[in-house]
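First, one chain by itself in C-alpha cells, the form predicted on its own.
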Amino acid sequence: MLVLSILIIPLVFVLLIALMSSSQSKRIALLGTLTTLGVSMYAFSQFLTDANSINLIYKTTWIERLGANFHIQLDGINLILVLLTTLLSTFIVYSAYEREIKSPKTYFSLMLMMQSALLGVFLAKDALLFYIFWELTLIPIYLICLVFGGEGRQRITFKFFVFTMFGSLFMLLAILFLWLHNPAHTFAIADFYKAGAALPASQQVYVFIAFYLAFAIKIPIFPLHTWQPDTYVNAPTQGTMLLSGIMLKMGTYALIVWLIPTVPLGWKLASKYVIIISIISVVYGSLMALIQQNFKRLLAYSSLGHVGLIAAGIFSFNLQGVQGALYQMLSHGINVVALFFICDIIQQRMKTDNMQALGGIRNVSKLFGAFFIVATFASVALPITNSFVGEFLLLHGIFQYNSILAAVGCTTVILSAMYMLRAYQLMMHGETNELTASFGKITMHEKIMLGALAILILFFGVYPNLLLHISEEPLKQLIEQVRHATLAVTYSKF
C-alpha cells in the first residue's frame, strides 16, 4: 500500500483544495507535495532495506477479460524518476508562492493532478495502465498552458496537443499489436517482453517505429520537436518546469523500460539511425540556443540539446550509457527548474528576458549572481556539479557504441558553455542600466528556493553513487536480456 499512497496523496490534496478558500490553495498544494515527497523518501529507505518488500508493490485485477491489472511497483530504475517527480513538484509549487495567480485553486489542483499522473507513468508495470497514465498527463498540462499561458496560447497549445495525440495513437497501435501477439493475452510488462522478442525482426522494426514516434515527440527529438520552443516560452513558468523538468523524462524513461527490451531486434536494426538523429538534436538544439536573444527561448533549445544526448546514451544501451541517461534525467530536471526560476525572477522584475536589454544585474544583487553562476556551471557540466557525472557516463557509453558519434556529441560541452556563459555575461556583468538598476534584492522565498537547488546540484555532483548503485543491477539485467535476444542473430542489411 506504500507505493499506492504515493499515487493517491496528490489527489487527496486536490480534494482538500476544492474544499478550502483560494487563499489557502498554495499552502495546501505545498503540503501535498511535501507529504508525497516524504512518503517517497520513506519508500526509498524501504527499498534500500529490502528491494522486494511487499510495500513497494501493489497489484490487483483491473479488467479481467483483457488481462489488464492495476500493477504498480517501485524498482531500481523508476525509483530515481519517482524521487525526481516528488522533489521537483515541491519546488515547482513553491516557485509560485509569491506570484499572483488567477484562479489559484484551479492552478494548483492541476499541478497536483499532473504529479499523480506522472508518478503513474513511472510506476506502471502494465502496458494498458501505462498508456492511460501517459494520456492522463496531457490533460492537466494542456489546461495549465491553455488557461494560464501567454499571448497566442490557443494556437501554440493546440499544436502541442495535436503532436502529442499523434504520437500516442501510434503507441496505442503498438500496444494492441503486442497484446494480440501475446499468448498470455495480458498487458504485463514481462509478458510484453516475451511477446515482443518472439516477433520476426521486420515486425519488431514496425513496433519500434510506432513506440519511437510517441516517445520521441514527448522528449522531444529532432525533427519532432517543433511544438517545444513555443510551448516552453508561452507556458507559465510552473508549466514550463513541469514540461522540461519532469514530463519529457516520461519519454526517455519509456525508451529504457518499454521500447528497447520489448523489441530488441528492432532496436538492433534501428539503433544506428536513432542515435544519429539524437546527435543531430544535440547539435541543432545547441546551435539554436547560441543564436537566441531571449533567455527563456534559449533554455528551451538548450533542453532540446541536453535530452538529445540522453536519448543517444540510451540507444547505445550499454551500462554506462543507460546509467548516465538516468542520472542525467535527475540532474537535468534539477538544473532546468533552477534556470527557469532564475528566468522567472528576471521577467517578474524587468518585464523582459531579452538579454541585450539587460546587464549589470550582479552589481545590484551579488547573491542572485552567485546562484545563477552555480546553475550555469551545472548546465555546462562543470566537475563537482551533478551534470558532470551524467554527461561523462553518457559520452562514455556513446563512445563504446561509436567513437565518431561520441566526438560529435562532445560538441555539446563546448556549445553549452558558449551560450550559457554568453547569457550570464550579457545579463549579469557589465554596467547597470536604467532598467536593471531597479532589480533589487532577491526575497527570502527566492533565496530558499535557489539555495536548496544549488545544494542539490553540488550534492549529486559529489555523491553520485547514492543513486547509481541502485539502478546498476536492474539495468544490467535489462541489458543482458537484450544482448541475449540479439546475440544469436546477425543481419547483413537493414
Partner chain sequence: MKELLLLSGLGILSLVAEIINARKLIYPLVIIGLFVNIGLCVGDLGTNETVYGMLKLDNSALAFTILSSLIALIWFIVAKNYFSDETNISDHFSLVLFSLVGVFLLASYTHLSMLFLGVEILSIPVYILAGSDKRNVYSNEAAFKYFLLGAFASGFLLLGIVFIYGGVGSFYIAQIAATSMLPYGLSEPLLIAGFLLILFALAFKMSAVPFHFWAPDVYTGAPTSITAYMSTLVKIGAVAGFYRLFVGVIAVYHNYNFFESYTTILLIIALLTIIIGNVIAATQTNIKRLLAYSSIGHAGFILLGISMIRPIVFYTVWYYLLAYCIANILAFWVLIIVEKQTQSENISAFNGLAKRNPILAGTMSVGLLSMAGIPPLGGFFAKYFVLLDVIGRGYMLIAVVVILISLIGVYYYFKIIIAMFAKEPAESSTLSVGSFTKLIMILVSVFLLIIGLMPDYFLNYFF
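Positions refer to the first chain, counted from 1. Just so it is clear, the model here is predicted, and its values are computed rather than measured.
There is also a form predicted in complex with its partner chain; it is not shown, and the following applies to it.
Which one of these stretches, 297 to 305, 171 to 179, 342 to 350, 83 to 91, sits within 4.5 Å of its partner chain in the predicted complex when only heavy atoms are counted? The contacting stretch is 171 to 179.
Any non-hydrogen atom of W62 within 4.5 angstroms of its partner chain in the predicted complex: It does: once its partner chain is placed as it appears in the predicted complex, W62 has a heavy atom within 4.5 Å of it.
Quick check on S202: any heavy atom within 4.5 Å of its partner chain in the predicted complex? Residue-level check for S202: no, no contact with its partner chain.
Would Y419 show up as a contact with its partner chain in the predicted complex if we use heavy atoms at 4.5 Å? No, Y419 sits far enough from its partner chain in the predicted complex that none of its heavy atoms falls within 4.5 Å.
Would L66 count as a contact of its partner chain in the predicted complex, using a 4.5 angstroms cut-off between non-hydrogen atoms? Yes, L66 sits close enough to its partner chain in the predicted complex that at least one of its heavy atoms falls within 4.5 Å.
Its partner chain isn't shown here, but in the predicted complex which of L136, I209, I373, I280 has a heavy atom within 4.5 Å of it? After the contact test, the surviving option is L136.
Its partner chain isn't shown here, but in the predicted complex which of I276, I132, V364, I101 has a heavy atom within 4.5 Å of it? None of the others qualify; the residue that does is I132.
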